[in-house]
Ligand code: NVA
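What follows is a single chain, given as structure tokens, in the form predicted on its own.
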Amino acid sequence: MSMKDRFLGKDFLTLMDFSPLEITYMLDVAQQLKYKRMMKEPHDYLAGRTIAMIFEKNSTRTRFSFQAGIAHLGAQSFYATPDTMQLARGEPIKDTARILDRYCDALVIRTYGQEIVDEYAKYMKNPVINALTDLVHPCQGLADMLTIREHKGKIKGLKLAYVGDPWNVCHSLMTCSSLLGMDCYIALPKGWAPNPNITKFAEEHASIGKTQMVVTDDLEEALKGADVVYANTFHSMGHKDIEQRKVAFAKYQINDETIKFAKPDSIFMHCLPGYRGEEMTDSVIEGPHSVVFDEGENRMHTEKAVLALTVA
């Protein structure tokens, strides 16, 4: 089976479903599509296709990047929220899924529970693409890896330090790091921890690749010698304990002093939206280390790669 054939019709639910070789191939395709976009070369590989988009959570980058990318690929997108669909009156997901499958060539869904995405995938023959759940954010993970590779020239052998909420982005970074040979240090206060199933997966694959997967409450340990400093909000969408989190994570801010623990040529990343003055200072996100807006752009290119590879 060719590499391209591995993807056709396949769901994109979590990066744990893909091998290091497959993830690297997706990054290569994304790089090619980015070049075509830059050179204004047509790449309407999905002309005549239709893509459904169900977004239960608010979105800026994910919605616009997908809709722009779908248009670049020549397809048509249809955006809806559950409250505007019959889901709001209790129609089962399995009924909605099978109907959408008859109309559209893929579904992009952004929701809360991973089990919701999994159920759509169970009842649809066409690809289901996870545009974020509480558990994982595979689209962000791909964009992050492309950004790191562009700015550092490689992924394998680097050290990434993640500081912030151990939520979906954290989980996808742990997954990517363990599969692609990058040391990953997660800094957060005692009492918080990443999902145990994700941690088990990441530790097992880091062991295979002889890399480090470390969760620590020591910010300096995490940042020391890091090639990539990745900040994220202390409180993600849906959290009720926002004030408690602000207090607990207050000492984990990335600022002009703490970023000095990392390598002088380290890059600073953040998936956005960010809270300037909380997890990072304005001087860092606007400073010489920041590649945040390159990272945001790469969401579109990697999502286009996923669509171009999976949609028949």
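Residue numbers run from 1 along the displayed sequence. This is a predicted model, so every value here is computed, not measured.
Another form, the form predicted in complex with this ligand, is not on view; read the next lines as being about it.
- Residue contact check for Cys271: one or more of its heavy atoms lie within 4.5 Å of this ligand in the model of the complex.
- For Ile198, no non-hydrogen atom is located within 4.5 Å of this ligand in the model of the complex, even though that partner is not displayed.
- Shown alone here, Trp167 lies within 4.5 Å of this ligand in the model of the complex, counting heavy atoms only.
- When this ligand is considered in the model of the complex, Leu132 lines it closely, a heavy atom lying within 4.5 Å.
- Only one of Thr233, Thr96, Thr147, Thr175 lies close to this ligand in the model of the complex, with a heavy atom inside 4.5 Å, and it is Thr233.
- You can rule out all but one of 36-44, 241-249, 258-266, 271-279: in the model of the complex, only 271-279 has residues with a heavy atom within 4.5 Å of this ligand.
- Contacts between stretch 18-52 and this ligand, counted in the model of the complex as any heavy atom lying within 4.5 Å, involve no residue at all.
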